[in-house]
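Below you'll find only one chain, the form predicted alone, shown as structure tokens.
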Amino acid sequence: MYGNEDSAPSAPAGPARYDLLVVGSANADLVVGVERRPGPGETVLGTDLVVHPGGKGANQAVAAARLGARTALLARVGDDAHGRLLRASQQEAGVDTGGVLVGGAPTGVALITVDPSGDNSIVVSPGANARLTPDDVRAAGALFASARVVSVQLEIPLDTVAETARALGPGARLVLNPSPPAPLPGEVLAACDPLVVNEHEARYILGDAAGDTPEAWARGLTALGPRSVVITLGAEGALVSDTRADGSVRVPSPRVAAVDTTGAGDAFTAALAWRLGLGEELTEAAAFAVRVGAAAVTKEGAQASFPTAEEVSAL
């Protein structure tokens, strides 16, 4: 059932009600700080447990809305306390939650450890995210018909991701972050504009043929069919490659003191997708997105760290 528990989202007025529709996961992030992450068979003590709203889909929706984008989320949560936390966080950020489905399994959970450098390790229990189906996508046709850009990730079933690619409205653009990485069907790769990956995801997709530089990864990924590719490079910014232009372009990031990298990639992707929906060129949108990602790492948590447009301008 939908968030209002008895009906699908009403048909929006006008062809572009949303700057961004996010289709993806919604998790409760259970976060513990550690002096160092444990090795195999090792136990370490950590800080008190903190619970944050998270999940790549929910993170992207909140990040975009906080920047000022008209945003909707299509996701599934459990009928439990974590699900209520997630819906409340979306509503507080200004996200349209008419497409947030309730029930089918407990809300997904991410178990996160963060070390003093701000680096994190994450294990995800998908829960209700694994019950977001192609039928749910087809039932949300009104959302797709009114979205300039659709963003999706791989914390939901791959057949649901493929149906999302098929459901795009006329002239809409698909942004895909293949995280956690998995083999992608050709029809999904061909719809990506752009495919957004970090080094780990690029190397996973390309395998032994990856090469050693972001430029090589971009060439290899573009050859697989996406219309454009963006490779995030952490503190070094990003690299942009577009089949409609020659070569690739490096986009530098401002220097900041990283506190917690959790959710920074989601903030980057959300900002990129929003600016593409506003009509910016890919390199211009990526330049804004790296600043958003940089701002996000200066605070603890995922959604709590996402900046407003004013905060990005002041960076």
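Computed from a predicted model, the values in this text were never measured in an experiment. Numbers follow the displayed sequence, beginning with 1.
As for the form predicted in complex with ligand ADP, it is not shown, yet the points below apply to it.
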Problem - Pocket accessibility after superposing ligand ADP in the predicted bound form (3+ atoms within 2.4 Å of backbone/C-beta) - result: open
Problem - ligand ADP: the contacting residue among L111, A190, A145, L233 in the predicted bound form [heavy atom, 4.5 Å] - result: L233
Practice task
Select from the listed residues N198, T133, T222, S125 the one whose heavy atoms reach within 4.5 Å of ligand ADP in the predicted bound form.
Solution key: N198
Problem - ligand ADP in the predicted bound form reached by all of G237, V256 and A294, non-hydrogen atom within 4.5 Å - result: yes
Practice task
Could you tell me which of 262-270, 34-42, 64-72, 275-283 sits within 4.5 Å of ligand ADP in the predicted bound form, going by non-hydrogen atoms?
Solution key: 262-270
Problem - A28, heavy atom within 4.5 angstroms of ligand ADP in the predicted bound form - result: no
